[in-house]
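Structure 1 and structure 2, given next as structure tokens, are two forms of the same protein chain, each shown alone.
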Structure 1
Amino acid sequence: MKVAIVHRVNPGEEDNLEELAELCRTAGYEVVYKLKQVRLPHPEYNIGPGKVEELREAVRKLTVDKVVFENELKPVQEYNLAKKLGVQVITRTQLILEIFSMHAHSLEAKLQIKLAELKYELSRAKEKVRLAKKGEQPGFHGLGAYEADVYYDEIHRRIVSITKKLEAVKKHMDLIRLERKKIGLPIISLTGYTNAGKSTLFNLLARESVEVDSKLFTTLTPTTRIVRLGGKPVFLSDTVGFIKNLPTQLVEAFYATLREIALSDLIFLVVDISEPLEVVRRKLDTSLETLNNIGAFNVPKIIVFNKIDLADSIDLNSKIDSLKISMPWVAVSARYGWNIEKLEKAVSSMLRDFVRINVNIPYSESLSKLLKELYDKSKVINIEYGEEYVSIDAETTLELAEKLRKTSLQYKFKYM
């Protein structure tokens, strides 16, 4: 399907047409025309009437099927544009909702997307019904049979129904989270701007094969695995990517999913360092702002500058220096595994949930079970089997260290 993309910017603002084009490609659209206009919003069309005529001519000549606006349009502007252009007009928010629907596989993700769609529609329902009664236009079909209040109430009823279903899913996820807490392992979340290489890094660290694609928003449902970093077992979660001006409805719908990041013990903030400096800075700022908005301000973070295999090695350090980073960072290539050891060392120095223990555990019927748990949850440095007891030197969780203390003949520990 051929699309034209449009961004009206206020004086002094930069356009976002490149990212909008990438979103269109992810949705399966072919961008055949781009239009930018610098002006204050026109009340009737958002862009000026002259640009509407220019756009109409492009739609006709290039046989465009749909027009996508970076700007948020009022229903009346959307209606007027569709009437003038003769094709459906959608906004960036609607485009992102389409993409999320394509990539939603789990029940939770599907419910979250549907909730976001309905909330977006609810804010526009009464005006859309009023406009639909004026005559059919592309994108305004099928509403004529509904009175505004009936249509509005129907959407509200569906929102209530889906919210209840999501509450049930949330309770199930809370139980899973509680079980993870009982195990006592630290939780690390992989976050960052969409398409920064989070899933590639996850696959490398977890030896997994979650879907990796150059398209945006491949990951919607978090994937969590127990992995070893520097010999220490941790929970590692691959999470949904961030994006500039993520629609409010999606932030609200995915709040429970995003909230898991805020409950982490450590965050890997993945950044594509191969992009131009200003793009890197903008995406890093957007990611940090999103983390602050979901309550993850105080969670320790390591910035993982990824894709150094695509970056100019001479320019790399000066580019990172220009960003004036005030938190720990590591530059890696998730694709080739470069500098992963440095990342693991950085993790070891920042995880405070582990303690170094030296214990002597007497032989008993429960010893084998205890040793299995030790190997599962710890970095075992040395074990010696004596005649009366087993001597253990390990880095382990506080919970397991306490359990070992209760059964030990001799016990020493220190915080890492």
Structure 2
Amino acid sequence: MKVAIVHRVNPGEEDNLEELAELCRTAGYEVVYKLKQVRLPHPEYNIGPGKVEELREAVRKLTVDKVVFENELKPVQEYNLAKKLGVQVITRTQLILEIFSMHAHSLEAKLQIKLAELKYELSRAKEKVRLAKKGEQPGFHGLGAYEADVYYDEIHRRIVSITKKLEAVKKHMDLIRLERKKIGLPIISLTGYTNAGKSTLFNLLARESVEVDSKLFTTLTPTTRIVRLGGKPVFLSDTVGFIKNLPTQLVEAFYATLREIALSDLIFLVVDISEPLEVVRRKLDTSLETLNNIGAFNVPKIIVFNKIDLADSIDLNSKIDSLKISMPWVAVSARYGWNIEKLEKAVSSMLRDFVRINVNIPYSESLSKLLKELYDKSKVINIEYGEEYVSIDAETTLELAEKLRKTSLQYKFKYM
């Protein structure tokens, strides 16, 4: 789908077209035309009437399907523009909502985004219906038959119903998070700016998915897997990407979907290192700031510089040097699986709650269950089946170590 993008700035203000174009690409649009105008807002169109004509010409010539404004538009401006241009007109807020709903996989995230959409619509509902009655045009279709109050009430009703659902889902998710904690596997969250390659890395690492029994499975959501990193099983979660200058109406919904990051034991902060240094720096700063805002300040982090297949190596080293990173970092290519073993090594050395155990466990009825759990949750280094007992050498969680200790004849452990 082809789009034209527009930003009207007040005198002395800088435009944000580059980032808007990037957001459009993330949403799957092809940007074929950019328009910037310096002036104070025009009441009818936001941009000036002359610029509207220019834009209309471009829309026609380049067969543009949609126009995206960086500026917030009043319903009347959106209406006038759509009518003049003959195509749908949306704003940055709506674009980001589109991106979020494409990338939200969990039920909680989906409901949060639906709620944000409805709240946005509610604030514009009455005026939209009034305008829609004046005539049919793109983006307002189907509204014509509504009475303003009926439409408003309808949206309000849906907001109430989704809020209720969300409460229930939140409670359920809190239980699941508690269960995950109880299982004792470390939780790792994949975070980072939108388009950094989080999901690509997630899919790569999830190829090593551990087969889990149904009880473990209930603690998983579509974007959480139990995977082995450096031989150790961990919960790995993919998350929605960060974005700079989030429209204020979306901040709450967005942060809510990111709450669980603060509960992780380790954070991967994925950064696209193939971009120009200034862009890398800006996105890294935004990401770190977002992590602080959601309360993940104290969670250990590994910076994962991604897409090194696109950067040449001299450039890469000087780039990373000049970022002056004070955290552990690894440079990888998620697409080609380069340096993933380095990432795994870094993870192993940072997850301290694993212990090395040497135990002898006598044969009993519960042994096979225990061994299954051992294989699910640990890195088994050596196992020998003796006549009276099984000798196990493994790296595992403190919880499971404790369980094994209770049934063992001989027990040794050390922190890793």
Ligand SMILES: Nc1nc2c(ncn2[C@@H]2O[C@H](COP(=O)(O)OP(=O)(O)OP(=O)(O)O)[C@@H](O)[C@H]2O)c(=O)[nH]1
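No experiment lies behind these values; they were computed from the predicted model shown. Start at 1 and count along the sequence of structure 1; that gives the residue numbers used here. If you superpose the two forms and keep the largest set of C-alpha atoms that fall within 1.5 Å, you have the rigid core.
- Taken from the structure described as the form predicted alone is structure 1, whereas structure 2 is drawn from elsewhere.
- Relative to the superposed rigid core, residue 164 undergoes a CA displacement of at least 2 Å between the two structures.
- For residue 86, a C-alpha deviation of 2 angstroms or more is recorded between the two structures after rigid-core alignment.
- Relative to the superposed core, residue 25 undergoes a Cα shift of 2 Å or more between the two structures.
- For residue 100, the displacement of the CA atom between the two structures, after superposition on the rigid core, amounts to 3.0 Å.
- On the core-superposed pair, the CA position of residue 122 changes by 7.0 Å between the two structures.
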